[in-house]
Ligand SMILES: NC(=O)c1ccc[n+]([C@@H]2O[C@H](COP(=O)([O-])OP(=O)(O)OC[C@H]3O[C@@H](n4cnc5c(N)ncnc54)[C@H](OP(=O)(O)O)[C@@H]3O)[C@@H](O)[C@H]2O)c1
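Take a look at this one chain, the form predicted alone, written out in structure tokens.
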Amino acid sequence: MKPIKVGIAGVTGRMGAAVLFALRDTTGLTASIALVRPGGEKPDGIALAETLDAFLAGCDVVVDFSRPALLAELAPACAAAGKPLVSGTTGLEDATFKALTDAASRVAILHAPNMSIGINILRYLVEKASETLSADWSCEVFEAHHAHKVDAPSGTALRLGAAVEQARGAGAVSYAVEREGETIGFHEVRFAGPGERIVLAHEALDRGIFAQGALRAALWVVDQPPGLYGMDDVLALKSG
């Protein structure tokens, strides 16, 4: 069986480059084409396209680690072309998220702010802890990233907080943020109760884990019907 052709949006960024590198050793997938800006940086090792039409014509599935403005254009274009989309782009405003949900009525779209396997297991554990602990336990989400990261709190931190609020209601969590050096990603969820504390944490030691998770998602999403999915679906993590 021929490998699935992957198109990469955001290939010149840290994560896009990590996806291109990881594709060298991923069975069933091949790096097919990358979307680049006219006059922009031209990476080696992959065919290049400067228009969405040419880009989508050259792939079976799109993996996106770009910017919200590009994702807002990319999602409806994928829907029109019938190409599944895996996106890890964060910092989405309501209009961009609406573009995702609208496109998901026509094609399978997977969006996750963090595609590492470990962080998604952490989110699942946080949700279960939040369902079990009584209301007198406070909760704080702490996250640390490299100094170049734009959004704060990160999309991952907000998703961890959402797991708490899903069980305990809005306003049940506070956030602490650190931006320094080249920290890839550290997330810690602290539950504090009368006389005791629970700490659940995850640290990313290699940016490749996010690329590997995205490619696992790409292999999964190509066989799915239209809909908006997350890593919970890929990993078969069930709530409730």
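No experiment lies behind these values; they were computed from the predicted model shown. Residues carry their position along the shown sequence, with the first being 1.
The form predicted together with the ligand exists for this protein as well; it is not shown, and the discussion that follows is about that form.
Visitor: Pick from 149, 168, 159, 83: which has a non-hydrogen atom within 4.5 Å of the ligand in the predicted complex?
Guide: Only one option qualifies, and that one is 149.
Visitor: Is residue 210 part of the interface with the ligand in the predicted complex - any heavy atom within 4.5 Å?
Guide: Residue 210: yes, in contact with the ligand in the predicted complex.
Visitor: Should residue 37 be classed as touching the ligand in the predicted complex when contacts are defined as heavy atoms within 4.5 Å?
Guide: Yes, residue 37 lies within 4.5 Å of the ligand in the predicted complex.
Visitor: So, residue 26 and the ligand: in the predicted complex, are they within 4.5 Å at any heavy atom pair?
Guide: No - in the predicted complex, heavy atoms of residue 26 and the ligand never come within 4.5 Å of each other.
Visitor: Quick one: does residue 13 come within 4.5 Å of the ligand in the predicted complex, counting heavy atoms only?
Guide: Yes, residue 13 lies within 4.5 Å of the ligand in the predicted complex.
Visitor: Taking 4.5 angstroms as the heavy atom distance cut-off, pick the stretch from 171 to 179, 189 to 197, 26 to 34, 59 to 67 that is near the ligand in the predicted complex.
Guide: Of the options given, it is 59 to 67.
Visitor: Relative to the ligand in the predicted complex, which residues of 90 to 104 have a heavy atom no more than 4.5 Å away?
Guide: Contacts from 90 to 104: just 90.
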